[in-house]
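To begin, one chain is listed below as structure tokens, in the form predicted alone.
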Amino acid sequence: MAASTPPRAGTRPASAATLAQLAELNQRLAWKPAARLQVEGLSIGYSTLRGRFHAVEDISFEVPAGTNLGLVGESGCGKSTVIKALMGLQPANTSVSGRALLDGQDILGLDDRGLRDIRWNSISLITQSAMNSLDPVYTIGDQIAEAIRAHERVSRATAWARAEEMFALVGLPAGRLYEFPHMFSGGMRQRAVIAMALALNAGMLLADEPTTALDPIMQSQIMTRIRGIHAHMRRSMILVTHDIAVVAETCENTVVMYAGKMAESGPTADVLERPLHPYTMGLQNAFPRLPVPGAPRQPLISIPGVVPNLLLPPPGCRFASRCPFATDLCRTTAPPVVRHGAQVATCHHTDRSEEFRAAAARPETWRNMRGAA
């Protein structure tokens, strides 16, 4: 990549040819449809000195075109591993099986050339750590312009003008395109990464915990910005987070993961209001809720125990050791995938979910692990 940059914004207006090419580029990108993603039986494992680490096992979900999917669960459950596999960013010692159909094309196992063709152009990524995803020796503008020109036959001036439009979209002044990543605050770097991810209007946007390293005020601003952009551009998106409140506000559908496996999935309203899996019920209890006038304040209830060792995963349900409703069947036999209307859950006892929801709201249920089964 050339280190030189166009003249600073405002020193020389864009030529008529640049403006005409930019208008043509914008029109071409605007015609891109939102993408549909179908993930089928995705399993991901790492080879380690102690054996195979089962990071993700048999995950399936769909993101209809123009919708948002929330991928939630506690740290280490495999959310980011799924995203890295979709982008082809897994380490060399990784084995990946299953299919991920992006508008009908299986993007798992693509070679380097195939990955270059789809990255930023068809599927783009907002990473957890914006600083680590930006090259420190090139300006932000150079990096966005390079991504554009890798997929579109346009002049450097046109790519720079498109980068200026993307900066305006995320609320950054165009003049900051000439600066290096270390000159940006954390929130500004995150918005710069969002601008790069949107530069080619990719049909599928992957947002991997985009507010993790930010303070609460900046988190709110970034998520408001992402929701506004989605409403304006109607792209498809997978939002990876551990924050159920963000999912409730942003996503039409939700997948809940636990210890590398899918616990539950379905429309967000159904999953959060009428969860079928005890893990989802436990997640809800661990998040604060606004007090209801005249009603007692809902206590925060933590889930006891720890995630199982994925080097030697348990034979039955992976949540059984922490589940207050677990039976001998749960501890010895892997649960089936059970469908209730639009919801899907991997649990032996989905027929008792209403009973479990009432019991899960009481702190003593989780203190007395076996007493409520």
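Residues carry their position along the shown sequence, with the first being 1. Please read all numbers here as calculations on a predicted model, not as lab measurements.
Although it is not shown, the form predicted in complex with a small molecule is what the next lines describe.
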Exercise for the section: Sort through S302, S185, S75, N132 and report the residue having a heavy atom within 4.5 Å of the small molecule in the model of the complex. Expected result: S75
Exercise for the section: Would you kindly say which of K79, K261, R162, R191 lies with a heavy atom within 4.5 Å of the small molecule in the model of the complex? Expected result: K79
Handout entry: Distance check, A55 to the small molecule in the model of the complex, heavy atom within 4.5 Å
Key = yes
Practice task
Report whether the minimum heavy atom distance between P91 and the small molecule in the model of the complex is within 4.5 Å.
Solution key: yes
Practice task
Please check if Y46 has a heavy atom lying within 4.5 Å of any heavy atom of the small molecule in the model of the complex.
Solution key: yes
Exercise for the section: State yes or no: in the model of the complex, is some non-hydrogen atom of R176 no more than 4.5 angstroms from a non-hydrogen atom of the small molecule? Expected result: no
Handout entry: Option from 115-123, 198-206, 83-91, 267-275 whose residues, in the model of the complex, bring a heavy atom within 4.5 Å of the small molecule
Key = 83-91
